[in-house]
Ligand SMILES: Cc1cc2nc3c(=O)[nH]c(=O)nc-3n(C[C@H](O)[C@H](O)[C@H](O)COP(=O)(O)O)c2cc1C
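Only one chain is given next, in structure tokens, and it is the form predicted on its own.
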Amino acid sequence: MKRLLVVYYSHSGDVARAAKSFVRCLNIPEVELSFECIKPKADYPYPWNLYKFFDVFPECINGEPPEISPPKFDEDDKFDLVILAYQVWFLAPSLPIQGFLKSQYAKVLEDTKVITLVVCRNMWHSASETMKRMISEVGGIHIDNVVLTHQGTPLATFITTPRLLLTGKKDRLWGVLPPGGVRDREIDALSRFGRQIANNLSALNDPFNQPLLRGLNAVEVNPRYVIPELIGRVLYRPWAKIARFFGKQGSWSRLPIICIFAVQLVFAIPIVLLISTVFQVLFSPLIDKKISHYIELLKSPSGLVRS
């Protein structure tokens, strides 16, 4: 019998639904399936309060996660596979998942195969690379990555995703913009990955740690989003350090900095998208090779082979 652990944090509910769909076909006698929802000792509201939404930004970027409540599993438990499902907050893994990976309980990943499942808005690249690094630091063996993004263009999700987080509303907006969050059919389609694992349980014994999900379109990278996210990551860092200098999360002393950051972000995102598009057109011969290399890095370890 194979032991599988699903570790996740779900804020709006999409990650929980995605994780359960992912392992639907693994609910079989040959598999002992365990679920663990990460719970911060001080949880985050849903829907978000506007200020609290932006107030988690510095800690996300600086890697200062909250303490988490003890999980049901023991840190010395051994599993054949761990599926780690998470959201992205401000281009970084959500704070509860960072809290898990920086806690003593992350020892459960040591020398264990790990598949990551990210459910988020279009810009997941930086968070994915951060997750790969954090899993490696605790001794986990990252064998696959699956990406599920919100429906709509970056400019559309710039409106629909905050609306979802701040109001909880998922319906179409103004009859033009798509519903917030992930399409139900795309969540349902995640079961193909669990089916692949269920049909190849013996591969979990593979000492070469080869990916299990190649050929299933686990990761798609839109080149148009690469440069805007890299620019955003660079711009976020000084803001995060300045805000943290003025106080910890929840402190009134940094309220002005957080408010200024929020206002400039509203104007900065469309401008960055426009500038990056022009930059890619003008300097395409000079940067195409580097972008292609970065895209291959983002696709790893699962790769992208269209069936």
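One-based numbering along the sequence shown. None of the values given here were measured: they were computed from a predicted structure.
We do not show the form predicted together with the named molecule, though everything after this point is about it.
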Give a yes or no for residue 123: in the model of the complex, does one of its heavy atoms lie within 4.5 Å of a heavy atom belonging to the named molecule?
-> yes
Considering only heavy atoms, tell me if residue 11 and the named molecule come within 4.5 Å of each other in the model of the complex.
-> yes
Even though the named molecule is not shown here, does residue 257 get within 4.5 Å of it in the model of the complex, heavy atoms only?
-> no
So in the model of the complex, does residue 265 come within 4.5 Å of the named molecule, heavy atom to heavy atom?
-> no
Counting non-hydrogen atoms within 4.5 angstroms of the named molecule in the model of the complex, say which of 132, 163, 150, 102 makes the cut.
-> 150
Heavy atom within 4.5 Å of the named molecule in the model of the complex, from candidates 31, 56, 272, 37, belongs to 56
Name the stretch: of 87-95, 186-194, 68-76, 134-142, exactly one has residues whose heavy atoms fall within 4.5 Å of the named molecule in the model of the complex.
-> 87-95
